[in-house]
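Next comes just one chain, in C-alpha cells: the form predicted alone.
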C-alpha cells in the first residue's frame, strides 16, 4: 500500500496559528463583554443522548444530527432484519450536539437545585450539523451564545442590545441592530384574518430584503392568503420613519384601524413590549444604530417575544448575530414556565467581516517577542536565567535550540514574526550584558543582564 495523503472530513477546517490567534481575539472580546454584564461561562459535552436532541429541531433538523455508533460491536446485538430507522435507533444512542440551546435547557433542568434564578450563562463551543458543505456553511462550527433564563423583564433584552453594541464597538465594526416582536407578527396574522398562517406570512415577509415587495405579495397569495389579507399586511411592510411613529401607526392597525377592522390583543401586547424596550434603549447611551423592523421573523418556532438581528453596515454578509425571547425553553424537559432571552454571535461571519475590512490588530500573529540566538553552546547556560526572568515578567521569549548559522536563526525569526533578537557572545558574557535588536527598526541596545525592568520597557515600546 502507498502512503495515504492526510485529509480531514468535508465541511471541517484546521485553524493555523494565525487563524487561531484571530479567532481567539473575537472570542476573548465577546467573553470580556459578557463578563461585564455578569454572565458566567458553562460547557456541556460534545455528545448528548439522542433522546435529548431528537424532536427538538423539526424533521429537517433531525436529519442533520450526527449520530454516534455505540461502542464495541454495535451491530452484534442489533436486529438487522428491521427497517433502517429502527436499526439506527438500536446501534446509536448518542449524537453530537446540533446547537447550544437544547443542551442549555437540559443543563438548567438537570442542575436546577444548584442554579440561582435568573441564571445568566454564556457558552462558546463547536456544534455539528450533517449539512451539505458549501461556501460559509460548515459541518463543524463554533457558536457563542448568551442567555438569561428565569426572568421576563425586558431589562434583559436591553442588556443583550448593550452587549451587542459593546462587542462590535470593541471590534470596530459598524452594525445595525434590528428588533421586532413575535407577538406583533402573530397580531399581523390575526388582523389579516389568518391567525393559523403566522408561519406562512412570516416566511414570506422574511424574504423582503432578498426578493422585494411584489415577490413577497405573490408568495403570500401562493401560500393561501387572500388579496384582502395581503392588503392588510402591505402597509406594515412599507412603514418608515422613527420608532415612535412606527409604533403609533401599528397600534392603530392592531386596534381595528386596518382594512379588516379586526382588533388583536396579542399584537397590542407586542407593541407595548417594543415601546418599553425602546424606552430603555433611548436612555442607555447605545452607539450603534437600532431600529424596529417589522418584517424581521427569524427562528419562529420558539421565539415568543423580542426578536433581534444584527447586520454589518460596511460589509455585504448575512446577519452576524441574532436571537430572541422564548417563553418555554425548558418545557420540553418537564420544567414549564421558565422564560428566557438569548443571542448568538456568528463567529465565522464576524471573522469574515474583520478579515474583509482588515480590522484584526497587526500584532496577533506572533506569540514570541524575543528570540535568543544560539551562537555558541557555551552561552546557553548564561541565557537560560535571563529568559526565565523575562518570562516571569510576562514577556514571551525562546532560546533557539540548536547551535548554528546566524542566517538560519534570522530567517526563523522572520518566518515566525518575532520582532526582537538577542545575540550574545563571549564579550557580552564577560561583561554580564545582553544585546537586543529591534528587527523592524534596526535599533540595537545593550543591557545589564539583571536589568529586567529596562529590557521589558525596550521590548514593549
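Quick caveat, the model's predicted, so the values are computed rather than measured. Positions refer to the first chain, counted from 1.
Here the subject shifts to the form predicted together with another copy of the chain, a form of this protein not shown in this document.
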Exercise. Note which of 111, 137, 77, 210 lies within 4.5 Å of another copy of the chain in the predicted complex, where distance is taken over heavy atoms; exactly one does.
Key: 111
Quiz prompt | Sole residue of 30, 397, 421, 424 within 4.5 Å of another copy of the chain in the predicted complex, by heavy atom | solution = 397
Self-check item: Interface segment, criterion being heavy atoms within 4.5 Å of another copy of the chain in the predicted complex, picked from 264-272, 304-312, 81-89, 242-250
Solution: 81-89
Quiz item: Quick one: is residue 228 in contact with another copy of the chain in the predicted complex, heavy atoms, 4.5 Å cut-off?
Solution: no
Quiz prompt | Partner proximity in the predicted complex: residue 158 to another copy of the chain, non-hydrogen atom cutoff 4.5 Å | solution = yes
Exercise. Using a 4.5 Å heavy atom cut-off, state whether residue 152 contacts another copy of the chain in the predicted complex.
Key: yes
Self-check item: 4.5 angstroms heavy atom contact with another copy of the chain in the predicted complex for residue 445
Solution: no
Practice problem: Between 436-461 and another copy of the chain in the predicted complex, list the residues on our side with a heavy atom within 4.5 Å. | Solution: none
